[in-house]
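Here's a solo chain for you in structure tokens, the form predicted on its own.
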């Protein structure tokens, strides 16, 4: 019963992320098979409040899902959120996962086998900007927009807005940056301490930072909010923020 009330029990693969412990490490960072094999461990040790964000996304999805529409997870990776909402949402629904990594989707397909007994599942291997969001009432995009060019981000958000049914919800989580250099320096120190606490050595932290340079490009919170409003969303609010990670909701 606990999971039905507050679903934080995530289905995460056990393989430990040691990708940046020894050379050669991926540079620039790409979601290849090596990353996919340890991705669940990597993201849960690298993103503050990861479990809480997914639990929050599940509750908002349940609150705004409209029967007969789609729930779409952009950058679904190994299917962790789809598996969670598949357990949490009792009524049958159409769950769509989009990811441009076939290796990610293969992992997701295995993870999602049990929920296919209740829900209709569709996994699409493509870039999100090529996909349709028609007849969706909830779109999730967690830690994915940040990897796209600014032009593609704006185009994608507008496409999501247009595809959502009236009253539809976008749940967005991103890595952000402070507009104030001193605060950004403090945030960076905090974040690196967080990763060290989760077992990453300083060399691993530095190597991953180098690999992600010019691959993951964060905006400020103000810039992110403006981008949502420029895409058509006028009702926007922040839900969760811990230093350099932010979750927002936007309503059509």
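Residue numbers count along the first chain shown, from 1. Source: prediction; values computed, not measured.
Although not depicted, the form predicted together with a small molecule is the subject of the following passage.
Asks: So which of 219, 227, 212, 55 reaches within 4.5 angstroms of the small molecule in the predicted complex, heavy atom to heavy atom?
Replies: Of 219, 227, 212, 55, the residue with a heavy atom within 4.5 Å of the small molecule in the predicted complex is 212.
Asks: Among 155, 109, 175, 119, which has at least one heavy atom within 4.5 Å of the small molecule in the predicted complex?
Replies: So the residue touching the small molecule in the predicted complex, by this definition, is 175.
Asks: Would residue 147 count as touching the small molecule in the predicted complex under a 4.5 Å heavy atom rule?
Replies: Residue 147: yes, in contact with the small molecule in the predicted complex.
Asks: Hey, in the predicted complex, is residue 51 touching the small molecule, heavy atoms inside 4.5 Å?
Replies: Taking the distances in the predicted complex, the answer for residue 51 is no, it never comes within 4.5 Å of the small molecule.
Asks: Does residue 62 reach the small molecule in the predicted complex, with heavy atoms at most 4.5 Å apart?
Replies: Contact check for residue 62: no, nothing within 4.5 Å of the small molecule in the predicted complex.
Asks: I'd like to know whether residue 43 contacts the small molecule in the predicted complex, with contact meaning heavy atoms within 4.5 angstroms.
Replies: Answer yes; at least one heavy atom of residue 43 falls within 4.5 Å of the small molecule in the predicted complex.
Asks: Looking at the small molecule in the predicted complex, is some heavy atom of each of 39, 195 and 245 within 4.5 Å of it?
Replies: Spot residues vs the small molecule: full contact, yes.
Asks: Okay, which stretch from 64 to 72, 182 to 190, 43 to 51, 219 to 227 lines the small molecule in the predicted complex, with non-hydrogen atoms inside 4.5 Å?
Replies: Result for this chain: 43 to 51.
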